[in-house]
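Below you will find one chain, with nothing else, as structure tokens; this is the form predicted alone, and questions on how it binds or moves follow later.
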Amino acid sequence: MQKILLQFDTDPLPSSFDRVVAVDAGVDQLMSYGGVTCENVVPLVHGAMFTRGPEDLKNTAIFIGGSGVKDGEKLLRRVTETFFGPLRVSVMMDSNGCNTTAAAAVVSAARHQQLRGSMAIVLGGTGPVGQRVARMLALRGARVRIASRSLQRAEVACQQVRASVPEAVVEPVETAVVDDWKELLGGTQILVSAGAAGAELMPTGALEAAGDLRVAIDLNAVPPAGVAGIKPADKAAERDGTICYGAIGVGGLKMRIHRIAVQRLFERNDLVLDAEAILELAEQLDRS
């Protein structure tokens, strides 16, 4: 029986990136829908549920994507609420690549620094990927500082992390003006920069000033770098005592996580791959 993946994209045009990855993951038939909302998704879900017998539903799966992470989260809830009894299919949500990218960054950091008990800072921590990175780090026991140009937005992001991870130790940090990067980063072992493409969040010299920093990861692939001094292709490159990863250096793992996650959807009919599940998958892959 052919493996059918239904791609529900919240944007008008379904992502070509996600389509290519689905094909590379071995999907036999890819059905892509754009402009999918909580209001129009139920008939599409019913089409996945009612066309095959319960024993064959593992051969049908749903991928939720699009640029809006909040929209993707709402859509995931609506999709899973539509299932009942044995009539369900596996679902993966990775809007804007938020979950697979964040998981790849966190797993990369964990290769060099134990997460539990470590101090981490996430620059651009209010964005879709930054929030996921902060959430995953907190889930693994790191103390996390969520940095933003707006202290108010950083506090909102902290509240959202606490809602998902009640035991999280998180605090907001404002970075609109930083006079002393050494002071800001003092005691920090892990830094992840997850700002908007082409936005420099740490200037030249700031990385060298961070004496305690063990791992620095910049997820921005568009010049200029989010962290000056880190190159996109860096993969565990040591710079002034700090192990550095650039967007391309993390990207290989991100792509592997994405492809294998899609493949896992077809192993059973009740899998839900959200942020936490994708992090667990990434950790399993890194150990294998």
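Don't overthink the numbering: it's just position in the shown sequence, from 1. On a predicted model such as this, the values are computed, not experimentally measured, just so you know.
What follows is about the form predicted in complex with another copy of the chain, which we do not show.
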Problem - Contact at P128, A134 and R140 by another copy of the chain in the model of the complex, all three, heavy atom at most 4.5 Å - result: no
Handout entry: Candidate from P224, P54, G241, G47 lying within 4.5 Å of another copy of the chain in the model of the complex - any heavy atom
Key = G47
Problem - Partner proximity in the model of the complex: R19 to another copy of the chain, non-hydrogen atom cutoff 4.5 Å - result: yes
Practice task
Indicate whether Q2 is a 4.5 Å heavy atom neighbour of another copy of the chain in the model of the complex.
Solution key: yes
Exercise for the section: State yes or no: in the model of the complex, is some non-hydrogen atom of V27 no more than 4.5 angstroms from a non-hydrogen atom of another copy of the chain? Expected result: yes
Practice task
Flag L6 as yes or no: does it have a non-hydrogen atom within 4.5 angstroms of any non-hydrogen atom of another copy of the chain in the model of the complex?
Solution key: yes
